[in-house]
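Take a look at this single chain, the form predicted on its own, given in structure tokens.
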């Protein structure tokens, strides 16, 4: 298989295992490129990519922009995080702007689930979902799984626990879907108020005890509490949350085994994870950042190829 089965990357749910393996194999090649003295390739020269971010973002936006520039694409950045325009009007305005600018590919983050799907149905451009509300964040899941596989090898049978605010996390959903397709066992852990009711239907286990979950797992992916998406109080205090679900050196030392520590960022140090753990020997958080560029290069390159855009080979 040398091309994706999809024309857009809207969610992990749309990808086959073969798609994921192709993205990983391509990312391995691009990781070699970005570690060379000359880090650019002409693969997407003359291709115009618009980054449309309707929510604040630092890491994801910078990672996509760097990936696009490494591929020699022309890049347009649009930020509408402060806009008060309603969802429908904003997206329709976006559609019209994209059509008039002759943009080939669109990377979009939006606060409403399904926004990327809506856009893909209304414009003739390749769409990459960079996060839609509490729904999906497919490139984060791909880079997380890629980073795990670099560290552990084949993920079949490996045990991964996702800890934290599962209810409001698009990262948790995409990770669970991706890891299950790769044969891993997945557990979510957090306060009962932050675990969605449907989650077990995805073949995911649930725990409310951090120490038990860590004793079970090979990998712990720590998520932050997403206060900006919460309209009610889900636990008494941050101090209480940290006491029961914060990962620190004391908790790790009680395990008497090594586990891989991950975090999609941004990190709330001292809340869901302590600095000594985030910066410690078990952590692959910085590997995730590096791999994010390679994965996003792979996704953009493969989607351009699938859509037969006028791209040039390396």
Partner chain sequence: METDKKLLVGQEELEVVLNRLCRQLIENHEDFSSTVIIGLQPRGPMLANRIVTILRDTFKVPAPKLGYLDITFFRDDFRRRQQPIKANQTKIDFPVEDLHVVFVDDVLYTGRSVRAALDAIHSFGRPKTIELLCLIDRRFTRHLPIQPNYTGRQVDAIPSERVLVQWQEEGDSDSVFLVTHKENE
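This one's a predicted model, so the numbers in the text were calculated from it and none came from an experiment. Residue numbers count along the first chain shown, from 1.
One more form of this protein should be noted, the form predicted together with its partner chain, which is absent from this view; the next part is about it.
A.B. asks: Examine residue 276 and determine whether its closest non-hydrogen atom to its partner chain in the predicted complex is within 4.5 angstroms.
C.D. replies: No, residue 276 is distant from the partner.
A.B. asks: Is there a heavy atom of residue 280 no more than 4.5 Å from a heavy atom of its partner chain in the predicted complex?
C.D. replies: Residue 280 lies outside the contact set for its partner chain.
A.B. asks: So in the predicted complex, does residue 30 come within 4.5 Å of its partner chain, heavy atom to heavy atom?
C.D. replies: Looking in the predicted complex, residue contacts with its partner chain include residue 30, since a heavy atom lies within 4.5 Å.
A.B. asks: Taking its partner chain as it sits in the predicted complex, is residue 257 in contact with it (heavy atom to heavy atom, 4.5 Å or less)?
C.D. replies: Residue 257 lies outside the contact set for its partner chain.
A.B. asks: Of these, 249-257, 32-40, 268-276, 52-60, which stretch puts a heavy atom within 4.5 angstroms of its partner chain in the predicted complex?
C.D. replies: The contacting stretch here is 32-40.
A.B. asks: Can you tell me which residues in 140-172 come within 4.5 angstroms of its partner chain in the predicted complex, by heavy atoms?
C.D. replies: Going through 140-172 in order - heavy atoms within 4.5 Å of its partner chain in the predicted complex - there are no hits.
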